[in-house]
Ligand code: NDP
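In the block that follows, a single chain appears as structure tokens, in the form predicted on its own.
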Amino acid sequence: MKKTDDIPQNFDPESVRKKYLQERDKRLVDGRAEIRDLRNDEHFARYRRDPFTEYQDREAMTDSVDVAIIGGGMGGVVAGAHLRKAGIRRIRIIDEAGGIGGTWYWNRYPGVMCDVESYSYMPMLEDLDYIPKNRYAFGDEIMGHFQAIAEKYDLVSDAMFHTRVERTEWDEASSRWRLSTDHGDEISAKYVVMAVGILNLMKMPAIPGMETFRGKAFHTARWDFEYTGGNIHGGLNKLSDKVVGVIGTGASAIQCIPHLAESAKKLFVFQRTPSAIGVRGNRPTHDDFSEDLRPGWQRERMENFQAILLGLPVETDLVKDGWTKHFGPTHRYPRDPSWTDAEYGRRLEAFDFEVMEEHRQRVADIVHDPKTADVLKPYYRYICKRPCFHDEYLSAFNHPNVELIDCPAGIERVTANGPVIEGREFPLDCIVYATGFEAETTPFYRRAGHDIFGRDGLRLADKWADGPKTMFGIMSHGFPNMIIMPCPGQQAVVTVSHTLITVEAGEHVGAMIGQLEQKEVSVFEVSEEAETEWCETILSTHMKASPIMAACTPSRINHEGNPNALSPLSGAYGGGMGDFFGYKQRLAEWIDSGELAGLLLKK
């Protein structure tokens, strides 16, 4: 814990705040949050097609199952595995992708990897007796791991891929869910598990003239290796005579840009806001890593990581990376009880300044050209924008064929030849949209991508129009026999590694449905009273966005400069990011009691 005289000598709060606000204001422009609706846009809907697995014609199917799981990513696979453990036989996963993997199925751009250490991120390692190859896993290993879980628990043979659910509707007469798909399938299910995931909707900016571009264009989540050559580990040999432009400098961009810099004749990087690029320090897993591991080691590691990020005391930092070094303290700085609120705020701001100065100095140390380095330096508080970690991104700007284009207000328009910035046209052969995904807090009913109708024709999108209404963030009155995997903005909790809450929920789903089956329950539904009580619990700890977030550079973290955009009902259990350990205890006690309190049960 810092002493008073530990405040850095070069820290002038007023000048730092002024600089940060100046940089923010450059980016607070009308229309910055406008995106294209890829489901209905006549021109851009084609961007969603699967370039990785060939589509197969098939006949429409009629089937009856115990559980239909919508989504074959991490959430669907983990929930499915625990349902198998609970003895559930007829499980059918339905997904628009051509196979298991979720976001790791779609994200196959060169350099794709996770920014959370693999030993914590890749779920159910102990179940599969698997140790990841590297500290930070590449995308193909993660997708392969999800596929291995699905194979072990027999979730693939009955899965329906390249299949989009168009309507999910409760049928009162049969007390079952009816799912209709784009193939004409009619699936009847006793239970539905909504595992549609987060960061599942590609975000395409609405830049005037995009549809007129005559060159090649694609999103990083639909990488075109037929055009670029190579694979996710690089070797983009078909770009040697191509001028390429990357729009975006977030997580996906910083991973693919080094490979594009190695391969393209010329690479333009169009940057609206620089990311804070911390040290990744990736390395192969040591041969002796597993020697001293005891049962439960992964859960212990995951919860140790979460505790540090919540500012809770731990004996040992088991992960020791940029997240635990910087993210945890800037969110929950250790506080001496003797400090006033003003003193605490001053120390937190000073620590944040040191963290960002370290990131800015790293840019200066690596990037040779001072002008380019200045544009790459992030000027905002560390909590304003999700941090990134990479060891090759910054040095890519030392390649003579790479040019950084600073456009804080965004791209004016796109012509048949390429983007236009302040009247200058940049002729390109190819545009790579590294513009990411709609935010984690995108409402569930939008991420689900289709209408869900409960009792008496009640549409979930209408019920949740003013914010989620649930018990535990996973069940909603009027929607019997439906479980929604918890996500940010959905009355559960937020975890930097989404795996932790997914594993917790997956185990809960298996245990809950196992108990319902043992009790021979045909229909369960959350009571209005239980739902109201949970909503009141969420509202009781709701906190308006702090002045820090209001002063942030616009990003998906603060809803593009509108930090109070979310309904108070979208808060987390315990407020802020949420009380994960308290939430976990609530779920455990509820299951352990065996009473299924708050549910209306029909046998």
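Just count from 1 along the sequence shown to find any residue number. Small disclaimer: the values here were computed from a predicted structure and weren't measured.
Note that the form predicted together with this ligand isn't included here; everything after this is about it.
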> Wondering, does Ile247 line up within 4.5 Å of this ligand in the predicted bound form on heavy atoms?
Replying inline: yes
> Wondering, does Tyr105 line up within 4.5 Å of this ligand in the predicted bound form on heavy atoms?
Replying inline: no
> Does at least one non-hydrogen atom of Arg36 fall within 4.5 angstroms of this ligand in the predicted bound form?
Replying inline: no
> Hey, in the predicted bound form, is Arg386 touching this ligand, heavy atoms inside 4.5 Å?
Replying inline: yes
>> Please tell me which of Val355, Cys256, Ala530, Met113 lies within 4.5 Å of this ligand in the predicted bound form, judged by heavy atoms.
In response: Met113
>> If the cut-off is 4.5 angstroms on heavy atoms, which of these, Phe138, Phe437, Phe524, Phe213, is the one near this ligand in the predicted bound form?
In response: Phe437
>> Within 4.5 angstroms, counting heavy atoms, which one of the listed stretches 364-372, 467-475, 448-456, 404-412 is next to this ligand in the predicted bound form?
In response: 404-412
> Relative to this ligand in the predicted bound form, which residues of 23-42 have a heavy atom no more than 4.5 Å away?
Replying inline: Arg32
